[in-house]
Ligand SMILES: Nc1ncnc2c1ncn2[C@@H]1O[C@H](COP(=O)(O)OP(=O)(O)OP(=O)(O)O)[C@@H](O)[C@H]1O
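This document starts with one chain, in the form predicted on its own, laid out as structure tokens.
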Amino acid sequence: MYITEIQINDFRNLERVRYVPARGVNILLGNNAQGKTNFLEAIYVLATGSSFRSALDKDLIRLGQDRFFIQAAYLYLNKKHTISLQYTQGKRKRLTIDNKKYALNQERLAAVLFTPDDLYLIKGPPQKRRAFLDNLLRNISPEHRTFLENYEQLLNRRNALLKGDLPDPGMLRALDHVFSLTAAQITLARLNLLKILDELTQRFYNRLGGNEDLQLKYALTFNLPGGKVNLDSIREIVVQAMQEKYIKEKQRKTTLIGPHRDDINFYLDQKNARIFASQGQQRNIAVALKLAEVEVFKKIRGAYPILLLDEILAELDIDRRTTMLDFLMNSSFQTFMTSVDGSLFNNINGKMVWLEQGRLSE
């Protein structure tokens, strides 16, 4: 998958931008606050429907305007597509693929984003790691998107019941019948995904110069038995764990069992990387994890996504930077990366453009 042309109108500080990117590496240069990250954000919004900056849609519109428009032509498995997204203030976003109203499908533009915040995935809070898994699953499986939406609704209803002074046991049992199934569906999907990520992340960690044995392990709020697990066995264990925690849940008025409390642990040579790894090692794991995310797309969807890198090279030491650039130059996927320092790209085979006050020049 790669973009052949993109048009951005009235998005953030980008008034009228049209760009024909290289199939390989595209480097967006410019000083701070000129629109480089906004350009990446526009691609991300087009691919996912929402901003990675947690902004309201109306905040994405250029000052003085009432709408933004983003459109891209792209190839997916050698087939040409056009995707467009328009948002007018006070109205719903309108997304079309090949001039048809969007429906969940596997031909939508896909993007993996890597920002400096992701370098703290390892030592950051558990919700960042849960979000990493779920965002990846949403993009490779529309079914998982539905599971997560259902789970959030069920969790809110269950917590509301627990917050009552006298929770209705009958209502809770009826709700838990559906809740346990949805919890098991999400848990099984995450476990299967982590098996793939475990192998790929180790490979990329070694490629980036790491010599340690790296392992990814899923940390559950309940104990799974040894051997092969399936949806039914996980659901049974969820039900049992909820029954055991029921009194404590009534006391604390919240749900203590389920994927909303799970986590991922990273181990280097059998030691928890969150506690024992150096900051440099933690960053290398995070880089390897994001590269593994790109590879998972290819493995499951049959094509690479677009890779978006926001000021990442400045965060890496010179050896990792050289290794990363060499890897990107020899990869089969399309990359868009931002930087304030053009000297980082001496002798690099990539297309460089400048952004200044929201205007692009080659």
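Numbers for residues come from their place in the sequence shown, where the first is 1. Computed from a prediction, not measured in an experiment: that's the story for all the values here.
The form predicted in complex with this ligand exists for this protein as well; it is not shown, and the discussion that follows is about that form.
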Sole residue of I312, L307, A42, L60 within 4.5 Å of this ligand in the predicted complex, by heavy atom: L60
Only one of these stretches, 290-298, 30-38, 329-337, 315-323, has heavy atoms within 4.5 Å of this ligand in the predicted complex; which one is it? 30-38
State yes or no: in the predicted complex, is some non-hydrogen atom of N13 no more than 4.5 angstroms from a non-hydrogen atom of this ligand? yes
Can you list, in sequence order, the residues from 182-204 that come within 4.5 Å of this ligand in the predicted complex, counting heavy atoms only? none
